[in-house]
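Form predicted on its own, single chain, as structure tokens, below.
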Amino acid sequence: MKKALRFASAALLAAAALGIAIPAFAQDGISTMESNSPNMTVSDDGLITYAAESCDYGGQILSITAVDASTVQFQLCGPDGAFPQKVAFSSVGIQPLEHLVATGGGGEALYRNPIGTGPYSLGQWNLGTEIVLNRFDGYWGDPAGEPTAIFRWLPEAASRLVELQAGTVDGIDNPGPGDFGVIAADPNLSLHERPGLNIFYLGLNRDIAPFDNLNVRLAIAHAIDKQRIVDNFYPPGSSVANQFMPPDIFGWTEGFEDSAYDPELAQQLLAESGLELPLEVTLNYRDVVRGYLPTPGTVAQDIQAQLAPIGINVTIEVMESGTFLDASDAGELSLYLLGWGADYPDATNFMDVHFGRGASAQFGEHYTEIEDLLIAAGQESDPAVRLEQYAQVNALIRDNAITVPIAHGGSGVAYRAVIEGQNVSPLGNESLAVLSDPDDDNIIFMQNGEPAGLYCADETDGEALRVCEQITEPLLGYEIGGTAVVPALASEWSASEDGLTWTFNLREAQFHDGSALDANDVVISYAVQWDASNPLHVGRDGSFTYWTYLFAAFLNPPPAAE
């Protein structure tokens, strides 16, 4: 055991007898957690178990146990076919227990100072300018290709390209749609297209008139020429969406027939709606470029133009990004442009988040039949059965015109041609550690924006996640440039026959602070996200949004506001 098994009561005595140095702050922090949470227990030899009383709280996890210093076991409330993919996501990267305790689980000491096990450690964060990472010589895997990696950012795609052409950066994310050809034709640059593991959709809220009328929603579904939008406003690698998931995500229905583009049928449906025409509606969007929607303003205008001939007059309203997202989640918008990018490659990441039990009110009242199918599909271990269940969900979304899926947006990464180890990730988690530059001893990568924080348990933007992925590591990971799950901090893992027990065997790994990874670090890294009453459940803004996306519910959430 390491300095890590350092806890309360009899456990502290046992550790002391073994000659283990136990920092006072860690003793106090663990004692505080143990005394404040009836869900946490510590064995006499200092091993932590975190457990719900039952599965009635609504989440997917029943317990997380440090079986021994190098073994962690999860008990689930039901089988979860996507559990390995979820465990590989960057929001559940592991940090040292002592660091979480010392920072109180939040504040700048945590979200501006991550400590992980990755190939790079945080060197310096010059706010507003750059983040400098240093190669971690104690890394368990292949060492980083360069001693220094630097993240910079500019919001304009054209400006990022100028930096790349000038050689002041080695790679850029998200070239503009019009720049793909320029990069491909430049012998000094190299373009890597990123497949569209995302969905751009037109949201319809059936709780707000006139979208409470099924014929209106169906008319819009048949009035949108998706191919025209993709051809005119999207970069190479993009494709028309005929369902809510992209083809490379498990759960996609092969041969699925979407609502066909048919303006005459759309006019007929509106005529049969019983409503006075033309309809007057408002279309909301946020003026933020994303891989799923690279030109939001022009796409909004095109949809406006496409709906006018069938008898729907659209007024376009641009909203501030945060206000827009809050309003859509609250079910306050009737017609809007939005999208979603893959966090992990499984249908649950698209379907459950948008249509499952506990999803937001963005489409209005939920469909119980869809919720039941999604619960069943999420717990089903037979891939063929899961695919049939998702096919049924796709049909229900289409037949009820809950939303209109429009496009899977391609994007890309560009590098200077001399850079070795170039990679692009379908999930947007490009690895800087495998890059090397024959011209100097650093790699400089320019992305869209600066992270708000680097405690990625409590972040959701891709700019933060990409930086975190160089520093902290989950139990599992994704292959470089792909979506296959591979070992990370767990060298091996297995599931029980019923799919309820998952066991992870930890490799020997070292944190950037010199401490050794053990099972308690894993349990606490999960527990402080899971248990909303844990004193370390603080983060940057305290939302821990991805936890409920991944595992359905918090343990001990605060009472709902009246």
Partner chain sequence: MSTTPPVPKLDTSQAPSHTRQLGALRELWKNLRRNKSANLGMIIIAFIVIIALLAPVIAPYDPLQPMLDRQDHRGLGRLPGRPPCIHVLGCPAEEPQHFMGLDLNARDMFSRVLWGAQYSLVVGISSVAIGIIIGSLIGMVSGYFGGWVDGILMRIMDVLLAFPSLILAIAIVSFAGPGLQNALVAIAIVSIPVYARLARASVLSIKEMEYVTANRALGATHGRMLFVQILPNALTPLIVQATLGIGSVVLEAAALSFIGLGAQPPLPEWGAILSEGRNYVFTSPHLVFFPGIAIMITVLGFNLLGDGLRDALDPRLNRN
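Numbering follows the first chain given and starts at 1. This structure is a prediction, so every number in the text was calculated from the model and none was measured.
One more form of this protein, predicted in complex with the partner chain, exists but is not displayed; see below.
> Quick one: of 316, 480, 385, 132, which gets a non-hydrogen atom within 4.5 angstroms of the partner chain in the predicted complex?
None of the other options qualify; the answer is 316.
> Can you pick the one in 366, 228, 112, 192 that has a heavy atom within 4.5 Å of the partner chain in the predicted complex?
Looking at 366, 228, 112, 192 one by one, just 228 meets the 4.5 Å heavy-atom criterion.
> Determine whether any heavy atom of residue 400 comes within 4.5 Å of a heavy atom of the partner chain in the predicted complex, and answer yes or no.
Residue 400: no, not in contact with the partner chain in the predicted complex.
> Contact with the partner chain in the predicted complex for residue 329, defined as at least one heavy atom pair within 4.5 Å: yes or no?
Close contact is absent here: in the predicted complex, residue 329 is far from the partner chain, nothing within 4.5 Å, heavy atoms only.
> Closest heavy atom of residue 302 to the partner chain in the predicted complex, within 4.5 Å or not?
Although the partner chain is absent here, residue 302 would touch it in the predicted complex, with heavy atoms inside 4.5 Å.
> Indicate whether the partner chain has at least one heavy atom within 4.5 Å of a heavy atom of residue 214 in the predicted complex.
So residue 214 does not count as contacting the partner chain.
> Which among 156-164, 355-363, 451-459, 428-436 is in contact with the partner chain in the predicted complex, heavy atoms within 4.5 angstroms?
Careful reading of the contacts points to 156-164.
> In the predicted complex, which residues of 219-236 put a heavy atom within 4.5 Å of the partner chain?
Heavy-atom contacts to the partner chain in the predicted complex: 228, 231, 232, 233, 234.
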